[in-house]
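The chain below stands alone, shown as C-alpha cells; this is the form predicted alone.
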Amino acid sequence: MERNRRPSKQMLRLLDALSTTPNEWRHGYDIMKETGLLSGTLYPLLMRMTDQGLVEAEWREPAQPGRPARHAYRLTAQGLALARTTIGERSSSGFKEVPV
C-alpha cells in the first residue's frame, strides 16, 4: 500500500529550485547553494525522488579536461506537475515559506 504524504520542507525547497528551470540539468553543488540544503540532506532526497520518478539523473562529462564526471539532475514531467501543484497550494493558502 502506497502512502500519499505531503512533501517535506526540504523537498518543497528542492522542487521550487528545480522548477524555475525545469529543462535545465543542474549539478548538486549548484542546487545546494540555491536551496541552502546540506549534502547529507540533498543527495539522499535526490536519490529518493529519482526512485519515485520525480527527478532524472545522469552522468555529465566535465566542462574542463581533467575534472571528474558529475551527476546532473532535472525534474521529470511528473516532478514538474508535483512542483506546480505544491506551489499552487502554498500560494492559494496564503502560506509563503521564508527562505533560509
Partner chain sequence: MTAKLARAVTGLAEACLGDHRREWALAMRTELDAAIDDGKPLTFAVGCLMGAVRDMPTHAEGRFTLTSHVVALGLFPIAAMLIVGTASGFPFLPSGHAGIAGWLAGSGAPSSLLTPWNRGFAPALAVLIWALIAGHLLMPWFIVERNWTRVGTLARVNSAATVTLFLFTGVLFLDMAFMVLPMAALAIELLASWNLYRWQADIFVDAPPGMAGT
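Residue numbers count along the first chain shown, from 1. As the structure is a prediction and not an experimental result, all values here were calculated from the model.
What comes next is about the form predicted in complex with its partner chain, which does not appear here.
J.: Glu61: heavy atom within 4.5 Å of its partner chain in the model of the complex?
T.: So Glu61 does not count as contacting its partner chain.
J.: Taking any heavy atom pair closer than or equal to 4.5 Å as contact, tell me whether Leu46 reaches its partner chain in the model of the complex.
T.: Residue-level check for Leu46: yes, a contact with its partner chain.
J.: Contact between Pro68 and its partner chain in the model of the complex at 4.5 Å, heavy atoms?
T.: So Pro68 counts as contacting its partner chain.
J.: Is Gly40 part of the interface with its partner chain in the model of the complex - any heavy atom within 4.5 Å?
T.: Close contact exists here: in the model of the complex, Gly40 approaches its partner chain to within 4.5 Å, heavy atoms only.
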